[in-house]
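Given next, in structure tokens, is a single chain: the form predicted alone.
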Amino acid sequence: METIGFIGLGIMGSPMAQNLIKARYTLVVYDIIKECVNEIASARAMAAASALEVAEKSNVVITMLPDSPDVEAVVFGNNGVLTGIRPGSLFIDMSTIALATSKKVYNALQEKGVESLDAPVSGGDVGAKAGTLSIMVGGSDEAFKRALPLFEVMGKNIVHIGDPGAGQVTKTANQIVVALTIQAVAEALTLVKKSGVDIARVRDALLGGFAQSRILDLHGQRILERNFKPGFKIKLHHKDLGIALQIARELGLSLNNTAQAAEFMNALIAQGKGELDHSSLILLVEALSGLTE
């Protein structure tokens, strides 16, 4: 079995790495937060002091990072992956980042004789812990086949979309659908609450009809419980919608509803709520409707 380097041990990355360890892969791990590294290292992984060290000691390097600048820093920065990675290795970026950044990383690694995949995920921390993530992959057939056994440990719905960058385009589409569905659920439940009708019973009824969705199920429950502990943070989803709107500008598209959802999230960030789960979008919808906690 190949030695796997894993960089980025946050809400998503940590359980993904732990699932690889449970599958008996040898892992070399790194994160800028040492406590995260120590926690995973105690579960039979080797701790590294830098991204460079991870690349030097691994055959496959996986990154799971918050944003494009983080990926660029890890790949191109001092003590970065690009310096240490060897020809014949495989690089898999499972972050959600700008399409231009993803292609820049791919081209740089190609020059080093390294295959690269963009493989962003959907499913939140629940899917990361359960190993049931949806994984959307862009890159060559050969690289995908090599990575597939790893993907099968971390996810269930694994689709090779197409050429490099195709995974990021797919994830962007996913984030639009998720954001607008959360907004729809928030507006519907706010209407119910304002009408004085029992929200829990309405949700139960909707889950049995055509309005049923995973978001109504999981995030509807979060809303009922007022549990906005982050599975996926508002500030990160706002970043993803920014990527969508940038691609739209480049393609000459108008994504009006996406733009509105991004502005709602931006307003929550301005209120200091950017660290909350994206289901907390309902807090703004309620406030605009005259409802308060």
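Residue indices: 1-based, along the sequence shown. As the structure is a computational prediction, the values presented were derived from the model and not from experiment. We call the rigid core the largest set of C-alpha positions that still match within 1.5 Å between the two forms.
Separately, the form predicted in complex with a further copy of the same chain exists; it is not shown, and the next lines address it.
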item	value
Region of this chain that lies against a further copy of the same chain in the predicted complex, out of 159 to 167, 77 to 85, 146 to 154, 104 to 112 [heavy atom, 4.5 Å]	159 to 167
Complete contact of I21, T26 and V121 with a further copy of the same chain in the predicted complex (any heavy atom, 4.5 Å)	no
4.5 angstroms heavy atom contact with a further copy of the same chain in the predicted complex for A41	no
Close approach of Q183 to a further copy of the same chain in the predicted complex, 4.5 Å, heavy atom	yes
M1 within 4.5 Å of a further copy of the same chain in the predicted complex, heavy atoms	no
Contact test in the predicted complex: A244 vs a further copy of the same chain, heavy atoms, 4.5 Å	yes
Partner-contacting position among A73, A100, A130, A211 - heavy atom within 4.5 Å of a further copy of the same chain in the predicted complex	A211
Partner contacts for 182 to 202, taking a further copy of the same chain in the predicted complex and a 4.5 Å heavy atom cut-off	Q183, A184, V185, E187, A188, T190, L191, V192, K194, S195, V197, R201, V202
Did N174 shift 2 Å or more between the shown form and the other one, C-alpha, core superposed	no
Displaced residue check between the shown form and the other one: L253, CA, 2 Å or over, core reference	yes
